[in-house]
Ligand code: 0PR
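Just the one chain here, the form predicted alone, laid out as structure tokens.
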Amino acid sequence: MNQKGRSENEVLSLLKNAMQKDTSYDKVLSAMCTQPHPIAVKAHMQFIESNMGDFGLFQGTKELEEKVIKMMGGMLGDDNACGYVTTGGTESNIQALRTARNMSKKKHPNIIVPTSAHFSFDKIADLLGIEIRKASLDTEFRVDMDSVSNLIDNNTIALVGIAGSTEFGQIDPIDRLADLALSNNLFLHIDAAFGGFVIPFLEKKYDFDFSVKGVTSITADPHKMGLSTIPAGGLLFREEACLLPLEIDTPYLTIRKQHSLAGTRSGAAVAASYAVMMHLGMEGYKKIVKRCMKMTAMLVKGCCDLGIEPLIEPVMNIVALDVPDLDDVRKKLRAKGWATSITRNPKAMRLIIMPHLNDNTIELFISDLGECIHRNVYHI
């Protein structure tokens, strides 16, 4: 730090230079986050100083959080669901399984997750001292139920299902997981960090949320397809009793107890989530998801015309492509400005079709992909 401060213009210039080194979303097909909705940005700035870690000082923002959770609960099958706005899917998953661990009181707890589960569950194993058992997948990259059943023992405290897997966008058979959880008296957590703001708006209907008896908690992130600002995740429980194992005393705050993992929490992200959800409504989100699915279908068709097939028919706006010479092709695409990613097993090109993309971008990507695999350029 300098002895003397710099002028506002100098500092803003430094910030501009730094931002120019960041990747613009224009050609990003690897991210589950996107450009926030303009109304979310305005709301975020309006509540920039609000701290939900001591919400007794920010009663208005706390009321907004309660409304966000109620709206999310309604979207996910239960108007009476409870919870709070987190920093994202990782915190939500940690807290859900922290509840499961604390409620179980078992000395050597284990949980069962699909091998498709997000890497946040490996953090959970380390942080909470829980054994993570990974169930295998079927040919469609959903969790194999026989594998799950075989992994359950007397120390199992929870099952985890994925609704919108990070790599394949696949939805596990949540109804069957719920039956298994109920028959074994187990906590069932659904990681719908990405899918929570997609699946309710798809034309095909899936049973994945609180409408399924046996689902205990759900992760869903407003800062992904919810178009809120970062950081805005969501953790919802079916019953308020699930929040109790997370509470600690907070003697020097204006609130008596705190159940969040983070101490200081952004009220700005709460306000942003409220604003965009109120502004778009269910119909607005349905239009956004429909547009993303239309672009997804366009991408798949164009790639199939190039001889590149998806590993599975996309369930949502995530595509895994079986691209030959994958590493070389991705390197060539990166030289053209495209950001792509990969799946782990099997290794494939992973593309996420977010709202910041448009038809022209998809056409350009298909054309560039065609060049990179040394085939004819694709024309719509």
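Note that residue numbering follows the sequence shown and begins at 1. The structure presented is a predicted model; accordingly, all values stated were derived computationally and were not measured.
The same protein has a further form, the form predicted in complex with this ligand, not shown here; the description that follows concerns it.
Only one of Q46, N51, S30, Q35 lies close to this ligand in the predicted bound form, with a heavy atom inside 4.5 Å, and it is S30.
This chain is displayed alone, yet in the predicted bound form one of G302, P310, G88, G73 has a heavy atom within 4.5 Å of this ligand; that residue is G88. Taking the partner from the other structure, this ligand in the predicted bound form has a heavy atom within 4.5 Å of a heavy atom of A193. Within this chain, R265 is remote from the site of this ligand in the predicted bound form, having no heavy atom within 4.5 Å.
In the predicted bound form, none of the heavy atoms of G83 sits within 4.5 Å of a heavy atom of this ligand.
This ligand is not drawn, but in the predicted bound form it has no heavy atom within 4.5 Å of D172. Annotated contact segment (heavy atom within 4.5 Å of this ligand in the predicted bound form): 88-96, selected among 174-182, 206-214, 88-96, 245-253. Residues from 199-234 that approach this ligand in the predicted bound form with a non-hydrogen atom closer than or equal to 4.5 Å are D221, H223, K224, in the order they occur in the chain.
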